[in-house]
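Okay, so we've got a single protein chain in two different forms coming up as structure tokens, structure 1 first and structure 2 after it.
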Structure 1
């Protein structure tokens, strides 16, 4: 009989109504993975791309060579940032449900990926996030009011009403503008890092993309350019198991870890427990040291789970078991850091409850302030005439004319209130 080929179609471990099954996730015990010197050659540390760097054990203690030995106050700050990120997300989702913003994306369950990495980097390092690393803004001390105003497209919106909610940027905070097109920031971060190297600076770039987005060309460009020029960049691939409705197998995760892409390009790949604050901190620190010592890029696969819906437009119960997140074997990053601090004797359920209350109140206060700058439906509003600005540095003639046409149309409408406006000027 002639052999015949058959198309393989990746199948997720469980569909709605089935039992969650995460047996495909290979997990190393905490402390089990060696921590090579940052001078190690990529080829000598390939095991890091297969195993999983973990620091926090089931007993909530930090163990092993990757333990970053952070002081309790730092851990408490980390906990605070993660908690604030989560509470902020929860609030914004509720606000979206109420129809007061048009859209939102939560990072629930993935807070450590942004917060721990952000804390391990220097303020001068440039961050190129995707839409799911709001924790970076929190780490860098951004006033939540500004993020809320962006989501509201109100008079204080840093984007002047031009972008969908969550497409933040922060020049002063060295956080790049988020794009709606997936993965584009990855090779841009490499270019930024190449420029830092050309200028001989000690700054590095870090970027984040989802595992689903890694199928885009930009992933390949980033890896190639980073490898060729040994750019000082940290490339984070956030494998939260899902890309909207498709599980990570559709991005090529069935046969290999995503971290293993690194060695294929001659770049160290590290697979890390993305819900382990200490592990994420440690690998980021390690990668940052490499970058600053001209030892080139690192690919970090952050293994985590998208506990929330993809966005407020999504309904995950259509494609995965309802409570799949409960079965996620790496737990919750906030709970784990909290338990670690409690085990250290540096935290308690009471303090946690108090902190939660404090942060809730903070979020509420921020929202009140943000609303005072305008909402979708009321209060002060951005002037629509600003929509003609910033297309180019100086407004070109066609936009000057169009702005005048628009201005005339509006005043005609205002004058006639209901009647049809007369012909625009340039008839």
Structure 2
């Protein structure tokens, strides 16, 4: 009988009701992976795309060549940023469940991916995040009120009500607008980096996508352009094991690591423990130095785990074990950095509890202020006339005519009701 080919369908290691199984995750011992010079050719460091860069050992001490040797005050800042990001996420999740915002996406378990990388970069570097790197805004000093107002689509919304919640941007902070279309930020980051190189600037771009998004064509466009033109860009592929309900094997992670895609393009690929603050910082710092020395791009696979649901519209209990997060072998990034500081004698459980209480109060105060600018159901509202703004540099005659018609209609309605039109109230 002639043998027939069979279609292979990747299977997740565990389903609801089963025991979590992370035996498929290849983990290197802390401190075991070599740290090459930033000038090394991609073909000479392919082992970095298979092994895993780790700095923090099971005893919570930093070891190995990748240890960035950060001072305790800087580590404490990193811990504060990660904890604030998590508390902000938790509060916004509860607020969504109360019906006070329409949608939210948390980054629980992935805080180091954004915070450590953000701290390793320079303020002038341009960041192209996905919807799970709110920690970048925290690192760069963004007022949480502004993020909350965007989720509320109120009068203080940076997007003027035109974007779904959590699609932030920040021009002054060099953080590009988030797109709901997956992977678009990768080619955008490469293009921005190419432009920076053409202008001779000492700036680079960094971007983040999930492992599921690496199956999009934009990932491959970005990799090709980055490799050909040696763009000063850091491309972070965040492998948090799940693309909504789809296991990472469907995006191609079953047979090879995602970092191994780098060498195929002539780009260094590095796998890093995404829950190890020090490792993420060190690898980002290495890639940044490489880019600034005109050595081109780096693909970083951030191996982490999405502890929470994909979004407030998702129920992960339908496709993975309920307590799978607790079994994740790389632990919790906040707990690990906290324990490292305690081991150094630079932190304590008491100080941590006080910090958590302080940050909880800060998040509460920010929410109260955000509500003062309007809510989904009350308070001041955005002026509908803003729909005519920010689209065209020179407004064509037909839109000018429509805008004036709208103003006239609103004034007539206000006169009829005896109320003052919003534009007049705002002065």
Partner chain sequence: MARMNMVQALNSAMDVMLGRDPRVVILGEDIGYFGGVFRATEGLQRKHGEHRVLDTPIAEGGIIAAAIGMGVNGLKPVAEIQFADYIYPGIDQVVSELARLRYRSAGEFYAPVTIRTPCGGGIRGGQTHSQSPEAIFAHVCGIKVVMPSNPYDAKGLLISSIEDEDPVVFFEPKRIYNGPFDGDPHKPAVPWSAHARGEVPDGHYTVPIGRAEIVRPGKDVTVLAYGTMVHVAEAAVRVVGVDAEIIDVRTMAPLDVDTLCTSVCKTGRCVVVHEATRFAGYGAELVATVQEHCFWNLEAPVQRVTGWDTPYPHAFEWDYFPGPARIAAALKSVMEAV
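Think of the rigid core as the biggest set of C-alphas that the two forms share within 1.5 Å after superposition. Positions refer to the first chain, counted from 1. In this text the structure is predicted, and so the values were computed from the model without any measurement.
For the form predicted in complex with its partner chain, the corresponding chain is the one labelled structure 1.
Remark: with the core as the superposition reference, the CA shift of residue 408 between structures 1 and 2 reaches 2 Å or more.
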